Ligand code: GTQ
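Single chain ahead, by itself, as structure tokens, in the form predicted alone.
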């Protein structure tokens, strides 16, 4: 809709501006440019190199800081931006013998182990051992600390819904009185309480419908192999189910694992949720809005909302993608939509 301000009305519009009022007709005629999320990839080889350097920084030794490298989406043009408008993603390294001090925050967090084993996290008084491919949830406002008693570093993908929580001015954080919290529950307590999804105890103390829980890689990947039914777009895809609600993994985050069969190419589609992907196994490619992004184990990349995309692999072995999306938020607002699209012509490359 075209609209041009007459010179005779300029004084009135200046009055509105002085009162911090925006006339809607001007905004419709000249909509402000909003930062647009960009598809982007952070390569594992480089991220690991930088993480190892961060792990060896003398200034951080014994300080309890999180040695995390937060991924910033270049399309958002903000030095404090996350990987998407709603989610942050980082590579965090815990150096041998190091303790990341206990604290809690209103942002929910997840850890997906990329390299190493033998470190553990304590979540709400329970110790969880961390091994490659394991996924651990840290619900909102649960005390947590990390410890690596091994002689090699452990590196994981560290993601939060922090950008969304910060946008709502609901971000709070509190340190624990000590460096580490006491372990008050036996190993395996939470997983035993849910009986592998078939039986569960009376979980009265669950806050926000989410448990601090670990999903083991062998169980998750084994489920993909055992299920076998393929989605035309995403291959064999399964969600890390919330054992309390039966719904999404967390109130703000949907966490999934998908397997692409050898030498396969899925159909294209798009949806109104943004996604952070992490290549957990093998190698493959994604075509995003006509541009091909080749990825391999350890790489992390972003899919913007409503971007047409398709996944495939040219390998004789299968490939597995771990993903985190803001789907629960979009669904809660009644804004989710999905649309099948024809396969794309590749016109360029990403990364």
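Residue numbers count along the first chain shown, from 1. Here the structure is a predicted model, which means the values were calculated and not measured.
Below: the form predicted together with the named molecule, not depicted.
A.B. asks: Would all three of 90, 103 and 158 be in contact with the named molecule in the model of the complex, where contact means some heavy atom lies within 4.5 Å?
C.D. replies: Result yes, every residue of the spot touches the named molecule.
A.B. asks: Could you check which residue among 259, 85, 146, 248 gets a heavy atom within 4.5 Å of the named molecule in the model of the complex?
C.D. replies: After the contact test, the surviving option is 146.
A.B. asks: Consider the chain as shown here, without its partner, and state which of 38, 60, 68, 296 has a heavy atom within 4.5 Å of the named molecule in the model of the complex.
C.D. replies: Answer to the contact question: 68.
A.B. asks: With a 4.5 Å heavy atom cut-off, would you call residue 111 a contact of the named molecule in the model of the complex?
C.D. replies: Close contact exists here: in the model of the complex, residue 111 approaches the named molecule to within 4.5 Å, heavy atoms only.
A.B. asks: Looking at 60-68, 22-30, 44-52, 285-293, which lies within 4.5 angstroms of the named molecule in the model of the complex, counting heavy atoms?
C.D. replies: Result for this chain: 60-68.
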